[in-house]
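Below you will find one chain, with nothing else, as structure tokens; this is the form predicted on its own, and questions on how it binds or moves follow later.
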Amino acid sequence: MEDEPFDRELLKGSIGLLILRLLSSRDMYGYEIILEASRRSDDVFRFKEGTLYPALHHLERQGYLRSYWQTGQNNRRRKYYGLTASGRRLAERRHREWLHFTRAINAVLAEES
């Protein structure tokens, strides 16, 4: 991405939250997650496979995601990811934490001296 609007380091701690939030609406396969993150963020978030898949596998090992194979169009097998019950709870908790955190950050940034 040319002229990135933010330091990519800011994204590192947020990838799990973004994945959980995206999968809160429906199960998706990896490339679909990449496309949906890009669409919802107006192309600000363009995950690379080398970033997305390790994060998906990490969340799956922790029991927050489940995966399954499904054959779609053109007989392509795709691995879909969905939230487990504990993944849904985590997604909701992390979303609340993020809202609380960003309100506090915004309050500090908006404060004039």
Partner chain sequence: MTGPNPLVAKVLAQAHLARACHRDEVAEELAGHLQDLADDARARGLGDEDEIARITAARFGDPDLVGRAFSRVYRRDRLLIATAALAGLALASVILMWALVFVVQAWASASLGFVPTQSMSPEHLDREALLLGALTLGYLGMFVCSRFTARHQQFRAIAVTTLAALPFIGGLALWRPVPAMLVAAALGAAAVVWALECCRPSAIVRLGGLVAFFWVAGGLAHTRMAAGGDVWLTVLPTCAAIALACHCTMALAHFFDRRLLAPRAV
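Bear in mind the structure is a predicted one, so any value in this text is a computation, not a measurement. Numbering follows the first chain given and starts at 1.
The discussion below concerns the form predicted together with its partner chain, not included here.
- Taken together, Tyr64, Arg93 and Trp98 are entirely out of contact with its partner chain in the model of the complex: none brings a heavy atom within 4.5 Å.
- Mapping the unseen interface onto this chain, Val44 falls outside it, with no heavy atom inside 4.5 Å of its partner chain in the model of the complex.
- In the model of the complex, at least one heavy atom of Gly50 sits within 4.5 Å of its partner chain.
- By the criterion of a heavy atom within 4.5 Å, Leu83 is excluded from the residues contacting its partner chain in the model of the complex.
- Proximity of Ala37 to its partner chain in the model of the complex: non-hydrogen atoms within 4.5 Å are absent; the residue sits far from the partner.
- Scanning 69-84 for heavy atoms within 4.5 Å of its partner chain in the model of the complex gives Trp69, Arg76, Arg77, Arg78, Lys79, Tyr81 in sequence order.
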